[in-house]
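Quick heads-up: it's one chain on its own, the form predicted alone, in structure tokens.
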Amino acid sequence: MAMSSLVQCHVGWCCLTLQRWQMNCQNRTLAAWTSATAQRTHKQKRLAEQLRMAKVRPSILWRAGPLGRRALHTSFTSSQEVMLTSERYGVQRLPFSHVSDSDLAFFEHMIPGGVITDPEELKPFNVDWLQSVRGSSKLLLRPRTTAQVSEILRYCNERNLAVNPQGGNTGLVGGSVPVFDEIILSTALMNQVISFDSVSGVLVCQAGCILENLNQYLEELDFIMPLDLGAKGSCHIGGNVATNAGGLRLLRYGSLRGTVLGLEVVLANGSVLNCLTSLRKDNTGYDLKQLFIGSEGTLGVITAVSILCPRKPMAVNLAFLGCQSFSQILETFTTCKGMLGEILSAYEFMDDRCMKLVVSHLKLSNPVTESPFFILIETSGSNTTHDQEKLNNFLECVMASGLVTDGTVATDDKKIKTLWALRERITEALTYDGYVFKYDISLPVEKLYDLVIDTRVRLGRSAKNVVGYGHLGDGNLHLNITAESYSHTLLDAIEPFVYEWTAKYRGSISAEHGLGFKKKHYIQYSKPWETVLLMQQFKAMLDPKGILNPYKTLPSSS
């Protein structure tokens, strides 16, 4: 039984439910469909009947920002209002050199047109996307080639000048902006595709390529990138790799530690480490690229990436469903894995507070109302009829069993983007709600929402909102707490409570965002001291002067 694309309408969503799973009944008649559902409750029968009327309803407009699904730097206060990181957190500057006139002359000669010193132009590069941390860099360098990056780092290492590598500046833990006056080394102009092999599916490109641009390039060749992020319109592939970004496709395609085949990295002394292989199998010695995946620019600057890309799915379906409890979300996930199998590509969950923020701050329309929890399920495969049949069977099962009480489905690209926006733009909606304390946690899936509940109880009215959402398919919770403004008192109530709670259940304090500046002192909640010590030894070996992204990722070894 095939399923046509859903058309949506904001008006009257309260009375429209799973009937939106539009059936054209090519493989069975309407009478057979009615007979097959004869045992449903009265509500379920009514939903099924309205489902067959879905195709006449107008669609919701999907409001995207100019830079992609996450409209960066468009809705927040001036960077002048953000307190300096060094002042807010009481950080002391390390004894690095200050940039001199002769340093500027050297850089201007080496990369003409790639040196920025104007304070106004520097402002957005000194502040993170959340408007929570701010540095005071007076110099931005924009090289175009690996050779230029090599020369910059060689010079900076000799002069003891600290360097802050920066991609799209979409990080959420303060890892992509300076703490003091570090030189910002931007990869924005290193944005060229080097090669693509349509037989192997291996893409080789410079580190400054924007993720969404790469995906659009590949889609024309019937391939896609193996990762998908809400910040795809701004983030750089080099930054993705440097932070080991997870995102929405990890459930289907795995992490970057598996899909990245090779890297080109410039070390602190300017030497170029060429591990830019395109081989899927290479068992000769240590796999050095893994050192730099997730190292957040503290061990070297990634300048090029070789990555394995899957074929573009011929059939994509998206279901947005409502559940009455988190336990039902877990049961639905178990059923989903069993019935959808190889075509399951994403399983996201959100609580009702997330959706209320998206609706109130971004004016998006929620097609499913009066549910305390929501799940978003994506399938992708090569056979439309096969995939839709499997999805329909799954939806009938979870609806008949009462696991799902409401929902909607989309099968064409425009409506799929409309539904994905409800999940991808939660981070943006939160920034409109005040100052955001963000936590990116990995936990056993059955414990994910317990942390949200316990945090709400602990904070009470001292927090404006405590919300939970994330990638349930890979055990990743995004816990977010909003307040009218930054508060040391509130921060002390949150930390280390959240980290202690996570450690109690053997979770990770950073599932995909990294440690950056904000979490480096809490690494011991996820890693034993012996491991941290070995990491510090790697750092000392590869960057003995500590010029690369200082104050980030690891606690001081002193």
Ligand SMILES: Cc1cc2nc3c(=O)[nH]c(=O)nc-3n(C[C@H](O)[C@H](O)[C@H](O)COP(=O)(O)OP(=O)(O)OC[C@H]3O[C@@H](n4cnc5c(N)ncnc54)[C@H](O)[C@@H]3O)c2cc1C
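If you're wondering where the values come from, they're calculated on a predicted model, not measured in any experiment. A residue's number is simply how far along the shown sequence it sits, counting from 1.
Same protein, other form: the form predicted in complex with the named molecule, not shown, and the subject of what follows.
Among the candidate residues Glu296, Asp387, Asp406, Glu378, which is the single one with a non-hydrogen atom no more than 4.5 Å from the named molecule in the model of the complex? So the residue touching the named molecule in the model of the complex, by this definition, is Glu296.
Answer option from Ile481, Leu203, Ala207, Cys323, heavy atom within 4.5 Å of the named molecule in the model of the complex: For this set of options, the contacting one is Ala207.
Interface segment, criterion being heavy atoms within 4.5 Å of the named molecule in the model of the complex, picked from 244-252, 329-337, 357-365, 271-279: Going by heavy atoms within 4.5 Å, the stretch is 244-252.
Please determine whether Gly230 contacts the named molecule in the model of the complex, using a 4.5 Å cut-off between heavy atoms. Contact check for Gly230: yes, within 4.5 Å of the named molecule in the model of the complex.
Give a yes or no for Trp129: in the model of the complex, does one of its heavy atoms lie within 4.5 Å of a heavy atom belonging to the named molecule? Result yes; Trp129 sits at the interface with the named molecule in the model of the complex.
Contact flag, Thr85 vs the named molecule in the model of the complex, heavy atom cut 4.5 Å: Although the named molecule is absent here, Thr85 would stay clear of it in the model of the complex, with no heavy atoms inside 4.5 Å.
Heavy atoms within 4.5 Å of the named molecule in the model of the complex: does Gln166 have any? Yes - in the model of the complex, heavy atoms of Gln166 and the named molecule come within 4.5 Å of each other.
Complete contact of Gly300, His471 and Asn549 with the named molecule in the model of the complex (any heavy atom, 4.5 Å): Answer is yes for this spot.
Given a 4.5 Å distance limit between heavy atoms, list every residue of 490-512 close to the named molecule in the model of the complex, or none if there are none. Heavy-atom contacts within 4.5 Å come from Glu512 alone.
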